[in-house]
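In the block that follows, a single chain appears as structure tokens, in the form predicted on its own.
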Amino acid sequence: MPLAITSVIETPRLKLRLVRETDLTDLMAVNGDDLVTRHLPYATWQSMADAQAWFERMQRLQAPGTAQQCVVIRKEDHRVIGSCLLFRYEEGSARAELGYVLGRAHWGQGLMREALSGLIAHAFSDLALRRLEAEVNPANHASVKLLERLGFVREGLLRKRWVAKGEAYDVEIFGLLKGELRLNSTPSPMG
């Protein structure tokens, strides 16, 4: 059975839904910021051509049912402020990897924690996943703290795993099993 998010996921302040081509302008503001992408394994977008190439790559990833790319939409003004991704889905193991990015103007408000809490709850219930993993550059302290607040366990260091922006990076791998998600009605100001 392919990985398929078929409905909008709602949290108190946000909506998550599958990415659309019309989201690219808002996503350009997120992924076109060097500070936002500095710890991520892809180049900062320089133009709408980069955004379009990314969208086409996401469509190819989603086609076989091994990935689902969602956008994070702020309910108050319907703006796309980030994205989150389930990918490298392995049906036999009921596992997938998690990726995410949030525009700098929205950091420190608990929005990504809220978005990921909704996505993860959906993944464990409706998508019947058993395990989620995330790989994080150890220098990305905010992301490490976010994963730990959600209940992810640091499982190891993968030396020089990513090559991005001309440099090889170590990554820490985190895992979360069904039933370990920490839900909190009051979002942390850091996450």
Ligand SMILES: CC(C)(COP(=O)(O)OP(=O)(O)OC[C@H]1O[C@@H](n2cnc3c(N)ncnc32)[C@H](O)[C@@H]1OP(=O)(O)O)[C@@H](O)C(=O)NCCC(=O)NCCS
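Don't overthink the numbering: it's just position in the shown sequence, from 1. A quick note: this is a predicted structure, and the numbers were derived from the prediction, not measured.
There is also a form predicted in complex with this ligand; it is not shown, and the following applies to it.
Of the candidates 160, 130, 60, 145, 145 is the one whose heavy atoms come within 4.5 Å of this ligand in the model of the complex; the others do not. Just one of 96, 102, 71, 120 comes within 4.5 Å of this ligand in the model of the complex, counting any heavy atom, and that one is 102. If you check this ligand in the model of the complex, you find no heavy atom from any of 2, 20 and 85 within 4.5 Å. The partner is not drawn, yet in the model of the complex one stretch among 51 to 59, 146 to 154, 160 to 168, 121 to 129 has residues with heavy atoms inside 4.5 Å of this ligand: 146 to 154. Residue contact with this ligand in the model of the complex: residue 136 places a heavy atom within 4.5 Å of it. Taking the partner from elsewhere, residue 28 is found to have every heavy atom lying beyond 4.5 Å of this ligand in the model of the complex. Although the partner is absent here, residue 112 lies within 4.5 Å of this ligand in the model of the complex, judged by heavy atoms. When contacts are judged by a 4.5 Å heavy atom cut-off, residue 44 does not count as touching this ligand in the model of the complex.
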